[in-house]
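Shown below, as structure tokens, is a lone chain in the form predicted alone; questions about how it binds or moves come after it.
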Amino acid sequence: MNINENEISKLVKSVILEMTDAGAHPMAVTGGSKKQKGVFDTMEEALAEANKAYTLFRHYNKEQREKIIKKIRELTRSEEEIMAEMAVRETKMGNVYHKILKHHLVADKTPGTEDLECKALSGDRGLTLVEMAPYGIIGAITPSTNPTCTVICNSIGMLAAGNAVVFNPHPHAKECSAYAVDLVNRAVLAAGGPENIVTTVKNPTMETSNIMVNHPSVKMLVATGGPGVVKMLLSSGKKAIGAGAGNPPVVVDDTADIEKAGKDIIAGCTFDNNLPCIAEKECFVLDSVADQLIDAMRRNGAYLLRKDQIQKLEDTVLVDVPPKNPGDKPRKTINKNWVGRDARKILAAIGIDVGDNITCIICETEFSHNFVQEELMMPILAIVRCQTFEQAVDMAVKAEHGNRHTAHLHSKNVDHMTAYAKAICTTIFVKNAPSYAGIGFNSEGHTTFTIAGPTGEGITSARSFTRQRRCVLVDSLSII
């Protein structure tokens, strides 16, 4: 991704300044007196309009669909600064510059119609074609952590596959998500597509979500979010793709390039303030290289807490969970007010003032600590010393909690790579790079923000949103 951070920062500041000078919220770009395209007051309207659009769109060929995808990519690149700023302002999570990079990644590396492949089987008894066909109307639930990126990424893949889409975004990201839906529709119309092929509601709720999930015109469901949302979709009786939770561990052994490992881990852990579900959430390092790794992390923007400061941080970023049943062990969970916040703000809350160079908070803990066991989604990284590589792998597997989402390793030992991969069985396994390499950032492979571990599709793309159809011709067109 050839984007200069200083140039982007200047551009973002100028955009925000122009909005401030005009006295306008970013929504004014398409809001105000101008109705946003594809955004409706009720879910029933959103479904009806998407259905109407699909009756036209189902006849579009791949060439026409690819023309639409190309325009979505263009508009995403041209308005990525606006969407990044809007998402941070509305959700109060993440980092504007990193969100710009994520939009750029989505625009460049989300597969389009080229992902759809026809399979031909020819033999003595004729010809059989297996083609990837659309489902029809897809109902999609999107998160507050990656709101606009997920809407655009899903739209590209789902439209490339020939579907219409109805979104029920997270309520805390409804404005920026609506902006993204409007952008997609503007692109579709500019490329000669039908009106309202992608729709949403102004005020998404659990009720609008239930209407969407249970509506007979919705043939497929896609959820990018927590385990509760995925469970609801899987119990709907419809084809469902679920992107579940993760708690990605990173293991560092004594063969690793420790300086690079420290730099890469901090880069991945702090990307968009640790909001991506693939980001490093806890670190297991061999004791023989632990001090070197911590020093490398500190040289790359990490602040090391003293033992007496760890409890203070825990009391700030975690909250008690009331026990469901008498006799249940007390437990803690994340304080949502601190999810995706800057490391400097989190440190300030516990009385520690640091400079702009600090982007991550690190601390040494035991394996049982809440910072290891809970997925924080904050730029906080717990570090656990291990005596052997086998112990590190065992701890990493247990800390990942069987989500089979993402895991990371820094090592030059191929046997260690193999053993860890077999033990943890995650959808994504990144070696010797920051976590974001797992979704195609500065690495090979396409991108997505819907990583379907629970339902097995993995790194979703256009083909994930299709169903196979077989066309058989017997005793003909076999010309050999």
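Start at 1 with the first residue shown and count on from there. Computed from a predicted structure; not experimentally measured.
A second form of this protein, the form predicted together with a small molecule, is not displayed here; the remarks below concern that form.
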Distance check, Leu313 to the small molecule in the model of the complex, heavy atom within 4.5 Å
no
Gly402 near the small molecule in the model of the complex, any heavy atom under 4.5 Å?
no
Using 4.5 Å between non-hydrogen atoms, is Pro169 touching the small molecule in the model of the complex?
yes
Check Thr76 for me: does it contact the small molecule in the model of the complex (non-hydrogen atoms, 4.5 angstroms)?
no
Looking at 446-454, 44-52, 429-437, 409-417, which one sits within 4.5 Å of the small molecule in the model of the complex if you count heavy atoms only?
446-454
Go through Ala267, Leu286, Val88, Ala245 and name the one with a heavy atom inside 4.5 Å of the small molecule in the model of the complex.
Ala245
Quick check on this chain: which one of Ser155, Thr110, Thr142, Asn163 has a heavy atom within 4.5 Å of the small molecule in the model of the complex?
Thr142
